[in-house]
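This document opens with one chain alone, in C-alpha cells, the form predicted alone.
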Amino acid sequence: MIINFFMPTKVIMSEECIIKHADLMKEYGKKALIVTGANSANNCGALSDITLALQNQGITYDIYDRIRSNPSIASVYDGAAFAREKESEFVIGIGGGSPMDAAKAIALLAVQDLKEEELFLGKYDNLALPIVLIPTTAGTGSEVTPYSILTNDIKQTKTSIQAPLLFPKIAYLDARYTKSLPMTVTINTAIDALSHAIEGMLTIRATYVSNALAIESIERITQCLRSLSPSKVNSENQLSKDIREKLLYGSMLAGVVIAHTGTTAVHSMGYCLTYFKNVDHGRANGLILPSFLRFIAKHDIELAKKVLSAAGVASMDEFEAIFLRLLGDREQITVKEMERFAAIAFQAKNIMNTKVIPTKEDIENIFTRSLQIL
C-alpha cells in the first residue's frame, strides 16, 4: 500500500471561530490584505467578524473588494499591485470560490514577478504571502486546496495555478456565513462540492485515504440534498443549522480530496459552459456529472457502484433524478457549440487524470446527453 498525503492547512470549524481563534493569525504579520467581493462578505457578517478579530490582535488591514465571479487574470494582477503598495504581510480571502482563488493568486503575485504568459506554467519560487481563507459558501473547498482557478481568455476556459505554496495556512469555517444564501446558490455550491468528491474517486490519483474522505463527503452532502428545493426562492431560515454545517463540512472534505486527486473531464467540460454560456460552475458540473458517471459505468461498473453506494442510491437513474429535480430544465446549445466545447475540453490536462479516459467523441456524446442540443 502506497500513501502520499499532505494537508498543511489548519482547519477550524465552529460558530464564531474567527473571534475565538484570532490569535493564530498573529504569526503571519501585523498588516493584512482582505480580498473579497463587493457585497457578500459584508452581508453575511464575515467581514465584520474578521475586522474585529484583527483589531483585537493589533493587526491593521486594507480591503481589496474588486473580485467578481470567475476572476480574471487582470484582477489578480491588480490585487497584487495593491498588496505591494499597502505592504501587506499576509492575505485573507473571504467569499465563495472566486474571492478565495483570487486571494491565492494575489498572495503569489505580490511577491513573485511573473508575466501573464508564465502564470500557469508552474515554475514558481517557493514564496507567497501567507493565506487565510474564510468560505461563505459550501461548495468549492478552495479553503483547503493548493489551486487558484482563473478565467483564461486566451484559451477561452478556466485555468488553474497549482503549487503547494498556495495551501492556506488557516481555514476558518463558520456555517453562519452561509445562512442567508439564496436557494439557487446553495444548490449549485452543494453540487459543486459533490462533484469534487465524486470526481476524486474517478481519478487515477485516488488513494485509500482520499476515497475514505470522498465517501464521507458524498454521504453528508447527498443527505442534505433531500432538504434542498429550487421552488424555495430564498433559503434563509428554511434550512437547519445542522444542514448548513453538514454542507460546509462536506465541501471542505471534498476540497481535501481534490487537493490530492485533482478533477476529471467533468470540470473541463463544465468550464466551457461557464465561459461561453455563463452557467454557474456548480450547475455546469451538475449538468455533466450524471452522464459522465454513466460513461464510467460502461467501462468500470464496480467503480460506478462505489459512487452510487456512497450517494445512497441503487441505480444510475436514481442518481440522475437527484440532479434533474435540483437543476430543472437543461441549457440549450447548438451542435456547432457542442463540437467547439468538446474540442476545447478535450485539450484540458484533467482529461488524462480520469481512470477511464474519454475520447473526443465520448465527450461529444456526454455533452449531447447532458444538454438540449438544437
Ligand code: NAP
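Quick caveat: nothing in here was measured; it's all calculated off a predicted structure. Counting begins at 1, following the sequence as shown.
One more form of this protein should be noted, the form predicted in complex with this ligand, which is absent from this view; the next part is about it.
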Three residues, Leu24, Leu52 and Lys169; all within 4.5 Å of this ligand in the predicted complex via heavy atoms? no
Per contact check vs this ligand in the predicted complex (non-hydrogen atom within 4.5 angstroms), the hit among 218-226, 116-124, 299-307, 67-75 is 67-75
Close approach of Pro99 to this ligand in the predicted complex, 4.5 Å, heavy atom: yes
Determine whether any heavy atom of Val185 comes within 4.5 Å of a heavy atom of this ligand in the predicted complex, and answer yes or no. yes
Are any of the heavy atoms in Tyr177 no more than 4.5 Å from a heavy atom of this ligand in the predicted complex? yes
With the partner left out of view, is Leu109 within 4.5 angstroms of this ligand in the predicted complex by any non-hydrogen atom? no
If the cut-off is 4.5 angstroms on heavy atoms, which of these, Thr137, Thr203, Ser210, Ser268, is the one near this ligand in the predicted complex? Thr137
Let me know the one among Cys272, Ile243, Ile258, Met252 whose heavy atoms come within 4.5 Å of this ligand in the predicted complex, would you? Ile258
Residue by residue through 32-56, tell me which have a non-hydrogen atom within 4.5 angstroms of this ligand in the predicted complex. Gly37, Ala38, Asn39, Ser40, Cys44
